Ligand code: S3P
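Take a look at this one chain, the form predicted on its own, written out in structure tokens.
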């Protein structure tokens, strides 16, 4: 589906972003591993998170969707059913990488996982390596791609040092560590989002963090209370970026999750000169609660910045927006250490650089990032979403800030994480 987004005079108004995708995935998975029913409120109703519910149902989990809540009756940590067919993860990379951490601890069981064409290009070797060190066996296409099979086994404790910061790989290892008898430890080169640790702590697991080392102990059962999913900061980021670059704009977003491991983009945006109001969580916290805040952003004159490898894990999903902001900022904006972007739903470095260049940006790719020479804004034109939800939404925001408007080819990809994106965006456009 192709959609044209014309230039906007300004953006003004208030809205609440959709529920957090990362937390929704984890809430469903941890609820499935719990012994008692769990009520999840504000669960994201989108393609990716619905793939998680479908996968859990194939494992014998009851997922009852009600008008204002999701009730999940799990199987407990050690009792998921072994499905007769393949577990379909759809386009959900988080599901593909977290679920094997639960399944790997089931001796003699074999689970086959597959997904859509996009997911078949996303590697699983980074979860396969630690799980095999723990005693499981992963057999993947070409040694690293879906479809793949998880052969469960009695797992042993390891202390695993991640070669690169990844919340998905970390979470997979932590979930597997619940059943080793002695827990597991993960050491990251830099902090990554910590929703799994917080939810495990809330469910009664022994979770400890010291610097970039996270350790979880063995548990017999999880007991998760009601979960209320906050607004997704990655979805909110599109409106915040739009308000910052469209003259005369002022946007207020309510109930946004402000976990410090998710607000890297806000820190970059503020450094570029954007005026942001709201209360953010202090770095370093590890508590059960997921903090929320109301955020307000107004149009601002932006200055270029540099984003280094240490900031990338805390802003990974919003880095395409940094490229867009760079088009409107004075000076050269550079992102380094973001090679992980090449392994998302699309090669996001190539997609962002080619897409924005086609709209008139002065931008070039590097092996692990990009450089944007700004100040001239964007002319407009056509951008291909490449089946990637974040590129689709990026194109829409680019259109509002451009001089001639932007046609987004494949706008329907936004439904993966934000089915109501166009309606919410149109409500703010004046």
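All figures in this text were calculated on a predicted structure; none of them were measured in a lab. Positions refer to the first chain, counted from 1.
Just so you know, the form predicted in complex with the named molecule exists too; it's not on screen, but the next bit is about it.
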Self-check item: Interface segment, criterion being heavy atoms within 4.5 Å of the named molecule in the predicted complex, picked from 401 to 409, 22 to 30, 51 to 59, 379 to 387
Solution: 22 to 30
Quiz item: Taking 4.5 angstroms as the cut-off for heavy atoms, does residue 299 touch the named molecule in the predicted complex?
Solution: no
Quiz item: Would residue 316 count as a contact of the named molecule in the predicted complex, using a 4.5 angstroms cut-off between non-hydrogen atoms?
Solution: yes
Self-check item: Interface membership of residue 198, the named molecule in the predicted complex, 4.5 Å heavy atom rule
Solution: no
Quiz item: Looking in the predicted complex, any heavy atom of residue 249 within 4.5 Å of the named molecule?
Solution: no
Quiz item: Which of these residues, 166, 179, 346, 263, gets a heavy atom within 4.5 Å of the named molecule in the predicted complex?
Solution: 166
Quiz item: the named molecule isn't shown here, but in the predicted complex which of 91, 259, 94, 105 has a heavy atom within 4.5 Å of it?
Solution: 94
Quiz prompt | Heavy atom within 4.5 Å of the named molecule in the predicted complex - qualifying residues of 108 to 134 | solution = 126
